[in-house]
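The data below hold one chain only, encoded as C-alpha cells and taken in the form predicted on its own.
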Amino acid sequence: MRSITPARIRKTFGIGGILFFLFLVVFAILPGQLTGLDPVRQDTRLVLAAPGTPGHPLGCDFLGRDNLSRLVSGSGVSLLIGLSVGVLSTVLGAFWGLLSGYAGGTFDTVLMRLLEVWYALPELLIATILMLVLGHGIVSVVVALSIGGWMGVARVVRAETLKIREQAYLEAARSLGATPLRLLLKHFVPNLLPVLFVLLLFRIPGGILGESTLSFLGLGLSPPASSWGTLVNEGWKALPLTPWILAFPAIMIILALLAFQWAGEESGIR
C-alpha cells in the first residue's frame, strides 16, 4: 500500500483542480444541452420555487427563472471573464517585468518605483474607479480587473528575468552578435513560459473573484446578463426567504477558486 505523503496529496488536489476546470468548460459551453431551458424565461407560477420542483432541480428565482439554467449560463460568463483577466493581466505584467529586468540600471529602478506606487493601491479600489469611468459590461470588467491586478505578475517576471540575465549562455550569444530582440525571443521568453503559465492559473481565480465582487456591489454586469457575481447579488436580496439562490453560485465560486489554486500549486511555483 502506497503511503500518503504531502507531495501525493498536492498531486491529487492538482489533478482534481484540472478535472474541475474541464468540467467548468463543458458546463459553460453546453448550456442549452445541459438544461434545455432559457435562462431568461420567466414564469410567474414558479416564483421562488424550491429546489426539487419538477423540471427545476435547483428551483427558480424571484422572477420565476430557472436557477440551474441561469447558473450554467453564468458559469460561461464568469469563466470567460476569469480567463480574459488572467491572460490580459499576465501579458501586461510580463511585458513590464521583462522590460524592467532586461533593461536594468536606472530604467529598471524607475519602472519598479512606479510599480510600487501602483501596487500600494488596493486592486478592488482601482477596479471600482475604472468601472465608474468605463461603465457596465464584460469588456469593462475585464479591462478594470486587468489594469488593477498585473503588478504581482510583473514583480515575479522581473525576478525571473534577472536570474536569466546572469546565465553564461547569454554572454556567449551576445559575443556571437545576437541582437537584443533575438535574445528576448530566443532565450528570455521561452524560459519564462512555464512561470507565466503558473501565474496565469493564479490570475484566473482572481478575475473570477473580482468580477463576483464587482457584480455583487452592483458595479459589474447589468441584468439580464448573468454571472456568478450577479446571481450572488440577486440571492443576497432574497436571502431570508430563499437562501439556496445565494448558495449555489457561492459554492461554484469557492470550488473554482480552490480548483485553480490547486492546479497552480501543482504546476510548479513553490
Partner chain sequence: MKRILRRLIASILLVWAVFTLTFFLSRMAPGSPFQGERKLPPEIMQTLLAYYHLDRPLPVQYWEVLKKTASGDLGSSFKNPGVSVSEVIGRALPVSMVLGGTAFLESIVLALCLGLWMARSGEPAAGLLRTLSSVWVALPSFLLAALLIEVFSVKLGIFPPALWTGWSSVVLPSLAMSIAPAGYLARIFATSLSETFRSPFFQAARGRGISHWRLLSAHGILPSLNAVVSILGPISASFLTGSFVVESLFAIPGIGRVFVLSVMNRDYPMIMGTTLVYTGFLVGMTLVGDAIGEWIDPRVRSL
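Numbering follows the first chain given and starts at 1. Everything quoted here is computed from the prediction, not taken from an experiment.
Unshown form predicted in complex with the partner chain; subsequent notes refer to it.
Contact label in the predicted bound form: L185 to the partner chain, heavy atom within 4.5 Å: Because no heavy atom of L185 falls inside 4.5 Å of the partner chain in the predicted bound form, the answer is no.
Contact test in the predicted bound form: T53 vs the partner chain, heavy atoms, 4.5 Å: Close contact is absent here: in the predicted bound form, T53 is far from the partner chain, nothing within 4.5 Å, heavy atoms only.
In the predicted bound form, P180 touching the partner chain (heavy atom, 4.5 Å): Close contact is absent here: in the predicted bound form, P180 is far from the partner chain, nothing within 4.5 Å, heavy atoms only.
Heavy atom of I254 within 4.5 Å of the partner chain in the predicted bound form: Result yes; I254 sits at the interface with the partner chain in the predicted bound form.
Answer option from A159, V110, A172, A120, heavy atom within 4.5 Å of the partner chain in the predicted bound form: The residue from A159, V110, A172, A120 that makes the contact is A120.
Listed residue (L132, V139, L193, L176) with a non-hydrogen atom within 4.5 angstroms of the partner chain in the predicted bound form: Flagged contact: L132.
Interface stretch in the predicted bound form with the partner chain - options 80-88, 161-169, 97-105, 112-120, non-hydrogen atom within 4.5 Å: In the other structure, the partner sits against 112-120.
Members of 200-221 lying within 4.5 angstroms of the partner chain, judged by heavy atom, in the predicted bound form: Result: L209, S212, T213, F216, L217, G218, L219.
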